[in-house]
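This text opens with one protein chain seen in two forms, each one given by itself as structure tokens under the names structure 1 and structure 2.
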Structure 1
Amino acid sequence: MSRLLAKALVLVVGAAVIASCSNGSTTSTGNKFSGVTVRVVTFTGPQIAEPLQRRAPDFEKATGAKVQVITVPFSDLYQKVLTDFATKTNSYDATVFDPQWMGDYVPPGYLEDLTDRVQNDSTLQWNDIAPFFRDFSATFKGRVYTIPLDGDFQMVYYRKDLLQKDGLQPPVTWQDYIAIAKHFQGKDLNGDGKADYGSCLAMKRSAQSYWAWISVAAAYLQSQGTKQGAFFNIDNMQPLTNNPAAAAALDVYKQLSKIGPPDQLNNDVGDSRGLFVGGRCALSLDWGDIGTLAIDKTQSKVADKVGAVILPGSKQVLDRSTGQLADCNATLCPYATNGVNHAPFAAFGGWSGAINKASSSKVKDAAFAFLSYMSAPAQSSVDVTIGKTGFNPYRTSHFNNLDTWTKAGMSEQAAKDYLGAIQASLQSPNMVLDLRIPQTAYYQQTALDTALADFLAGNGSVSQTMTRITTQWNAKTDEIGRQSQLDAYKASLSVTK
């Protein structure tokens, strides 16, 4: 979608709600927050930061509140905000961040409890937010601490035109994905006379690439439903990172690293997305962003040529009673489809807005009003259709109203494919919840990410990599307290016994 079209849509859909931005009512605020400045910190982007920056001036005109959007690199966001709040420096009044981190922010009392605010704010339409994002991304131990602005699920994208031309079906298993990728590797996929790629993935260290490996591993590790968990054994908090299932996932991941651009190990998410929408890739694994970037006429060469499916699965899964891989059966894989266990992965959980409890009452009111405004259906229904925002659908109305998507440039069939893949993930009883325990950032962004990057670079065997991850995770668990970490992990899965 072009910037001019985006602005036009903003004016049309935003007019009805600009006057209703408030901290709990639908009456006009006028200059209620005149003289108030709200400092909101998020990652550099431009995704996520862009819609905040674009809509801040309109919010200021409606309410008088000035919103200052501060950006830092993603790799620094967790620690920078945590340190700022912990030292009572309080440079930020609100943050749009990863809800996985609430385990480190909520218990010390750094975040404002938003439970009463969201229930009393009719503009926000809280119950329109899909239950997963409302109950998981926004909630910690039964209380609401964030407002969802984005919905995140990993899924696979494929070139419908290429697969149909060659009589191929979308991948059902990871072996299918590899076979399709190999089929197209080195062929000219966009008609420019140059060799292109079977698969394009973001595998750069610190580029959130560890989520890609988890997306592969999930199908092998979790088969009994969401409460089984894919990271630790819920009996003793032992990591599920040193077994034949994890080894199989590492093998798939290594194969994927060799099918794609020659510099794939240095590719960030922006690189892989650019290659896919530029027509140079047959397959990709990503969040919902590719679906909307594919209709951006300023950069896409694959408009109406993109299909999306739930994450590929596996016919073999970890039998935790034996510690071995076993073929799926009705007992081991009760949610399997045609003998294939799918475990859609809610990577990250969706960017969400939280408020610094230490900010002044007036500033907190203004910060909530801004986050409510950003999340409200009128604004968000447009932003989730614009690829550059990084916002993906998370409200029931985002899925039910196809008109918004067709107006943005998707064909009706493309919209159904895209939204259908997300809905299939959301509705799966075997959905994998991302890790959300104290120091999640260490487990994933430090230990796992570094080990995977070294593995792909050829530094360490499968066995050595599994041992390294497991040893580091166990050491961190014991440092914090194994029982307290187990309790936190079980709570995050809603396991009550």
Structure 2
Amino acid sequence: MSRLLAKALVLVVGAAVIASCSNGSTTSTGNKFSGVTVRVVTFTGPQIAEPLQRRAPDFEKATGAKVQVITVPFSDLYQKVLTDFATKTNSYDATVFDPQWMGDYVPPGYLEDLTDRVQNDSTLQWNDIAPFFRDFSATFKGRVYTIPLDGDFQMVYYRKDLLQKDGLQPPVTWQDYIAIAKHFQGKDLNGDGKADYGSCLAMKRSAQSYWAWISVAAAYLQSQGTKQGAFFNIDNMQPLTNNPAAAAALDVYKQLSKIGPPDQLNNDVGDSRGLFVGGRCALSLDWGDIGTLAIDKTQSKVADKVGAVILPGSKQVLDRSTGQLADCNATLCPYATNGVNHAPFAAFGGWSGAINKASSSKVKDAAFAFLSYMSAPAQSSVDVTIGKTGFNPYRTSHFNNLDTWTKAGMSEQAAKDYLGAIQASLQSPNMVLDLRIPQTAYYQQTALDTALADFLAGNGSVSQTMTRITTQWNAKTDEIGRQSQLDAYKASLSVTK
């Protein structure tokens, strides 16, 4: 008995020593931000909020900082954060938001300048983030204000099995896209005996249709690199919405509206994604989400049947000196591939983290550490493979490490296709930055989206639609101030002269 007691005593003492050692080690590395609470606001999700909430306890264990994730509906997020900052209520220390809003948040000085922090933080591995997100998406007037957590841009998904079977190549131009869509429209694509669709797009009003149109228009409008911009002339802030390039894009968009589900005009992204992963569409245009949804076997009927390519391009682009469409040549389309100008569109820009400048320095340090932790390859390389996070790849390491993708359920070939399309977009020097000037929401969600919805519904010709968008954009620009809007637009493109 006494021997048993002695053994027990040794075990207890041993456990206590181990416990004290481990406590000691936590104390030494885990109390850096002890007692600090960081209030991070983002949208209700579950996407975006989910990884923040899931990883907050681990971050607390590692650093002592308590992260409180506050969620609000997406439609309220912009106003809530801006109101909070403008009224100096400062109930949020950090926000994970749409970087398009930088145009409203940075000029009044609400966001912390993170330029020095990102360069000096080894955990973050800033240079691993793709150049587009570093130099454009996270940057305003040459200074860094956000940490990218998500790589958003649109690309085209296609049914690899169907195209291979019929000897077709993935679309290179928008004319190819239309031809392939027409080829498959009305055929049974998933073996259920019902007619399916050549292409499925989200064209619902007051939803996300305008991004799809910009994805089409970008190929015709921007050919000289990201700094050229695809929305306004950077000399005089005249909209690029009333010219033969915009007309061509409207024409393509109208054709696409007729090659798809009969209720395509009322489909949002949830519908088009559901149709595609349900095997009912040959083509679709979307962010990176379809790639991860397609491998989710609980809902996908197209696992390992999906290919992805950079957004289709155009052999003709807008020559801004003449205002006419012109064939691509080395001068007009310096970044063209085989005479086709591709302009991948970073629609929305990807959820990014920013810090409230008015928070205390200790809280700002902790907030930065949390955002850095979320973006660091160790965490983000896993999060971008999970569909429910809403995060898409944006780091070089996300593309180089196929293991995380195969572990998530993608075949090696599917991962290569998916990541290849993203990489082709990311490496393009002609990527299109989404609009981020004051009242961007009016330009895109009110003026552009409504005009497109009317146009698709048959209310108004191409010419009337272009005039309508241009008139409304110009009126808003003049109302706010043409020069200040031009300055903001150039700042967003990091145009310094």
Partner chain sequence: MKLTRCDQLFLFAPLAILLGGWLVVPALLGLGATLTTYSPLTTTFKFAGWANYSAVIHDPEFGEAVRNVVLFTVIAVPLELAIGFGIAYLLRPPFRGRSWWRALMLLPWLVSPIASGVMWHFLFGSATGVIDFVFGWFGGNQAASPIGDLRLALPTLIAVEVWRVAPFVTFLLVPGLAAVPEERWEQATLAGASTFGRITRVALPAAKPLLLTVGMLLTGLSLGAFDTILILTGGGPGTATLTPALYSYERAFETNDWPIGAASAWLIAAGVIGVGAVYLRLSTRRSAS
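Structure 1 provides the reference sequence; residues are numbered from 1 along it. Since the model is a prediction, treat every value here as computed from it, not as a measurement. Here, rigid core means the biggest group of C-alpha atoms that superpose within 1.5 Å across both forms.
Novice: Which number belongs to the form predicted on its own, 1 or 2?
Specialist: Number 1 is right.
Novice: Is it the case that Leu311 and Lys362 are in the same rigid part, with the chain moving as two parts between structures 1 and 2?
Specialist: Looking at the motion between structures 1 and 2, one finds that Leu311 and Lys362 are grouped in opposite rigid parts.
Novice: Degrees only, no decimals: how far does the smaller rigid part twist against the larger one between structures 1 and 2?
Specialist: About the larger part, the smaller one turns by 17 degrees.
Novice: Any chance you could measure the C-alpha shift of Ala56 between structures 1 and 2 with the core superposed, in Å?
Specialist: Residue shift at the C-alpha: 6.6 Å.
Novice: With the two forms matched on the core, what distance in Å separates the two CA positions of Ser380 between structures 1 and 2?
Specialist: The shift comes out to 3.4 Å.
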